[in-house]
Structures are given as C-alpha cells and as structure tokens.
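Listed next as structure tokens is one chain, alone, in the form predicted on its own.
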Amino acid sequence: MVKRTSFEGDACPIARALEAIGDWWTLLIIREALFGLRRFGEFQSKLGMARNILSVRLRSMVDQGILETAPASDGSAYQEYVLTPKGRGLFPILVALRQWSEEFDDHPEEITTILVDRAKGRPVRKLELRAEDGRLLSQPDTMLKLRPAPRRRSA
C-alpha cells in the first residue's frame, strides 16, 4: 500500500483539514452521521465498506475528535459513534460539496434528492461568502495575508 503524505503541521489550513477529513470514506461517514447513523453495522450496511476500512476510519475520526464513542442509546452492550461539535462543524462543508456537484455535475438529473429547510420544506439557498460588512465576495475579492507573529512575553 502506498503511504499517504501527511499534512499535519502544514501552515495551510486547507492542507491541515485534509489531514483529518481528506478521503471520501471519511466524508461519507460524516454525511451518514449527520443524518442519524450511529452504529458500526449501520455505517457498514449503508456505505458497503469493508469492515477493516470502516474500523480504521472510525478510529481515526475518534482520534481526530470528529466522533466520540458513547454507550448505545437503547441500553444494549453496543457502542455508538456520535458527532462532536467539531464533527457537526463539517455540515457546511458537505453542503458546499453538494451544491458544487449540483451545479457542475455532468448528469445533475441523476441526483435524486434536494436539501430543504426542515421547517419550511423549501430548498436551501446556495452558500455565500460574505465580507464582515455583508458584501457578497467571490475569489477575486479575497487574498491571503500573513498573520502577525505572536508577541513573545518578556521574562
């Protein structure tokens, strides 16, 4: 098996995020967890993953603080995988990926679901990037800027 490059400690926040969630299985597990799956067998059945791959991914997601284990909610001897705040924070990323696919997929007619507001039943608006003052931004309106170095305390 080819060893994967590690981005741990990279200065780029995108590379650092990919260290935690940079494979498709992880994102699909998160998708299913957001929709309520909690047990190993549920993930395995829904995603059709090999048990060993699922086991490694779930363990990694627990280690990364994306999921945590909890006793089964039905009181059985099983454990469940529950999204942490860090894991739930990935929801907008999955929505952005979904909306990107809906816009640029070669066969959007094959997408059988739409994301709707649960309270109103209406489609969710496209995510937007906005400035602090509310202006809509696109890529040319942004740039990367170095953060000031942290100030050292004098002894």
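One-based numbering along the sequence shown. The model shown is predicted, which means the values in this text are computed figures rather than measured ones.
Omitted here: the form predicted together with a further copy of the same chain. The next part is about that form.
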Give a yes or no for A70: in the predicted bound form, does one of its heavy atoms lie within 4.5 Å of a heavy atom belonging to a further copy of the same chain?
no
Considering only heavy atoms, tell me if R59 and a further copy of the same chain come within 4.5 Å of each other in the predicted bound form.
no
Please check if L54 has a heavy atom lying within 4.5 Å of any heavy atom of a further copy of the same chain in the predicted bound form.
no
Might K86 be said to contact a further copy of the same chain in the predicted bound form, defining contact as any heavy atom within 4.5 Å?
yes
Does anything in 103-142 come within 4.5 Å of a further copy of the same chain in the predicted bound form by heavy atoms, and if so which residues, in order?
F104, D105, D106, H107, P108, E109, E110, I111, T112, T113, I114, L115, V116, D117, R118, A119, K120, G121, R122, P123, V124, R125, K126, L127, E128, L129, R130, A131, E132, D133, G134, R135, L137, S138, Q139, P140, D141, T142
